[in-house]
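The chain below stands alone and is given as structure tokens, in the form predicted alone.
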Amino acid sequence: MSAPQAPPRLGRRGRTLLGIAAAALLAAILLGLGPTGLVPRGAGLELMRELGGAALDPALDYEITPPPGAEPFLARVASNLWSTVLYAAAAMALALLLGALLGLAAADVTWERHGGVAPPLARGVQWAVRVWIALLRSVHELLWAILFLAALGLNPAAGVFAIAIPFAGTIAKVFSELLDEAPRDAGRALVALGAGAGPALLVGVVPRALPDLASYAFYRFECALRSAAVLGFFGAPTIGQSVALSFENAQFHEMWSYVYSLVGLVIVVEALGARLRRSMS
């Protein structure tokens, strides 16, 4: 009769997941979270019923008579969507430029010599860049929005900078990791043939990582659209401003029209991103 097998030991990944679950449970207990807190009561229950009913019947026109000269409702929806796209595109252009430069400076492949060893000074510069990247992405765009609105007032630059700064930090971190994970055989072959480190990086490594870089950039653009919409709650003329005003005025059918239009926009951008990934694979 064979001896009973010992139960499998919990690996490193299992211990990590168990630790995360335990931390989440402890946080829920300390915050006093429970299922009863998710059940609306009284006026909240009535509001949820109104919102749920309006969600099934989004507006195609204004719920109340608009002032003379007001643009048609659907034209206003399209105008707000376009403003949201402009904010997101401007922020992403700035974030991609800064994030790509910082990502190159933070990547191991940029600094390593032929043979895989980076000089001490290069390591110091690299870690300084990584600390700067961590600082950029450690503050949420909503906090940046409050700061820039206080400093610059209600103008497009405040919203664009509020999104671009933390996005640049996140893009830089992910870009550096994607560059380090890209195959380096072509770059090392170019160095062996006499090419400089810079041309070997730009010609031999970056093109191998380009599909993943482009895919992630498209994903961040989707996030920028949502962030630009949220800036509307702070006064920016995006789709979020119309959502907030409609909710405050209890025009819930209009509110859902704005929400659904944003959902449709994100779905279109996701489809374009998927098409781009297929074409580059």
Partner chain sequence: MSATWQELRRARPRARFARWTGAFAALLALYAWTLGPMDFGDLFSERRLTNLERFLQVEIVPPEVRRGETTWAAWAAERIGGRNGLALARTLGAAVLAAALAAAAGAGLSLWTSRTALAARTPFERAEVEGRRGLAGSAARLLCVFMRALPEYLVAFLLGAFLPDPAWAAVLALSIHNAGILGRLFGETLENLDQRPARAWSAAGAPRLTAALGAQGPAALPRWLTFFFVRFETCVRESTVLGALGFVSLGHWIVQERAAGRYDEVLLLVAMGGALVVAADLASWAIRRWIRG
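Everything numeric in this text was worked out from a predicted model, so none of it was measured. Heads up, when I say rigid core I mean the largest set of C-alphas that superpose within 1.5 Å between the two forms. Numbering follows the first chain given and starts at 1.
The form predicted together with its partner chain is left out here; the points below concern that form.
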### Task
May I ask you to choose, among 128, 75, 101, 157, the residue with a heavy atom within 4.5 Å of its partner chain in the predicted bound form?
157
### Query
Considering its partner chain in the predicted bound form, which of 48, 60, 70, 250 comes within 4.5 Å of it through any heavy atom?
48
### Message
Is it the case that residue 82, even though its partner is missing from this view, gets within 4.5 Å of its partner chain in the predicted bound form, heavy atoms only?
### Response
yes
### Task
Evaluate residue 161 for contact with its partner chain in the predicted bound form, applying a 4.5 angstroms cut-off between non-hydrogen atoms, and reply yes or no.
yes
### Task
Examine residue 150 and determine whether its closest non-hydrogen atom to its partner chain in the predicted bound form is within 4.5 angstroms.
yes
### Query
Applying a 4.5 Å heavy atom distance criterion, does residue 140 contact its partner chain in the predicted bound form?
yes
### Partner contacts in the predicted bound form for 248 to 263 (non-hydrogen atom within 4.5 angstroms of its partner chain)
255, 256, 259, 260, 262, 263
### Task
Determine, after fitting the two forms on their core, whether residue 19 shows a C-alpha shift of 2 Å or more between the shown form and the other one.
yes
